[in-house]
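Below, in structure tokens: the form predicted alone, a single chain.
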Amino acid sequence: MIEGIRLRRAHIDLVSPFRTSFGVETTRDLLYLEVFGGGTAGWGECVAMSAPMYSSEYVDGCEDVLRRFLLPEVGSDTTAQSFNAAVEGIRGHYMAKAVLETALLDFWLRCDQVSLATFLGATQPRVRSGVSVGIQPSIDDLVRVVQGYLDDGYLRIKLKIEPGFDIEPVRAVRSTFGDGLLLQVDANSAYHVSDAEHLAKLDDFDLLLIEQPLPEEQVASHAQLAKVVRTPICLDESILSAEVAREAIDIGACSIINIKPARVGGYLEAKKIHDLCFDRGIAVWCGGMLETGIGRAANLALAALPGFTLPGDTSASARYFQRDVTTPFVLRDGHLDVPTGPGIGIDPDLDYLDSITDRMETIAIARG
């Protein structure tokens, strides 16, 4: 039974600045939840950023929502499934919901000695790994950084783009590394449908996909864009649930979906999206949010499901951190191993985690 929940705020530096069309990150402001009871602890990592840039959620806001609305719904026997049912009337706040759902899943799966990968239906013991390359100061810098990741063994390169840094950087990477490189781009909503003819210039480079070119609210506009651009359109920020995914597929807004569990409220909804896409023949891959090892372990369990046919952003720990909060995930032959232990299959290094923790508090839970 659940005895309590610890809320922990921490911080960790990135090995290098990560720039996208919406800003630059140099550190990660972390929020973890630890559901504990009977000598067992289940962990969840909130992936929201410090500011509402990727989405409307941000880490301080997630903490507030957790304290005021979500944690009060947890009792000694609350499961991930019963929690989701209890908070169904609370609109949005997907990342706040996801961190608590994950901690509950991890706790009860550890109690039952079942891995998250097995629970979700994973079929792969290891996952192909790609890497996301932030916007660089120059094209020469970009080529150098890409070369380094290819030397590390990554199987797919994703380039962040924005207006003014798109066609020529992609041209340089494609011409330098050849047609055999699995290459895609991510705009993080930086363009408008009026840019369709410009984005169509990317068709010359045989990309796997263009990820989220238009604002997240403009799902129908992506369908309009897809009539102009030959490169497959992949939706990320727009996909908030399985129902949104179904509608986007139905209107032709995308032919590929990036599934980020935290963006859709957790792993249970993420599996529903996977199952829908698998049935409809829509390719999916698992995106990343600069997670530490706690979040990365859970993502690997999801990415091992059969519908994840494209390499995701489940990169090695060293891509982002000098030292991870767990045993580091190491790239081997372009793959990361899926944890097989109970729950997420990995435990934090508590001594190190304590050293980067800013504050920690045990939250009372409802009884019964």
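The model shown is predicted, which means the values in this text are computed figures rather than measured ones. Heads up: residue numbers just count along the shown sequence, starting at 1.
The protein also exists as the form predicted in complex with 2-succinylbenzoate (OSB); that form is not presented, and the subsequent description refers to it.
- The candidate spot formed by 18, 54 and 313 is fully in contact with 2-succinylbenzoate (OSB) in the predicted bound form: every one of the three has a heavy atom within 4.5 Å.
- Mapping the unseen interface onto this chain, residue 211 counts among the residues with a heavy atom inside 4.5 Å of 2-succinylbenzoate (OSB) in the predicted bound form.
- Though the partner is left out of this view, residue 320 does reach within 4.5 Å of 2-succinylbenzoate (OSB) in the predicted bound form, counting heavy atoms only.
- For the chain shown alone, residue 195 is not a contact residue for 2-succinylbenzoate (OSB) in the predicted bound form, no non-hydrogen atom being within 4.5 angstroms.
- Under a 4.5 angstroms non-hydrogen atom cutoff, 2-succinylbenzoate (OSB) in the predicted bound form lacks residue 269 among its neighbouring residues.
- Proximity to 2-succinylbenzoate (OSB) in the predicted bound form, defined as a heavy atom within 4.5 Å, singles out one entry of 110, 260, 97, 222, which is 260.
- Contact annotation: of the candidates 136, 84, 115, 188, the single residue with a non-hydrogen atom within 4.5 angstroms of 2-succinylbenzoate (OSB) in the predicted bound form is 188.
- Annotated contact segment (heavy atom within 4.5 Å of 2-succinylbenzoate (OSB) in the predicted bound form): 288-296, selected among 270-278, 169-177, 84-92, 288-296.
- Contacts between 217-231 and 2-succinylbenzoate (OSB), taken as any heavy atom within 4.5 Å in the predicted bound form, involve no residue at all.
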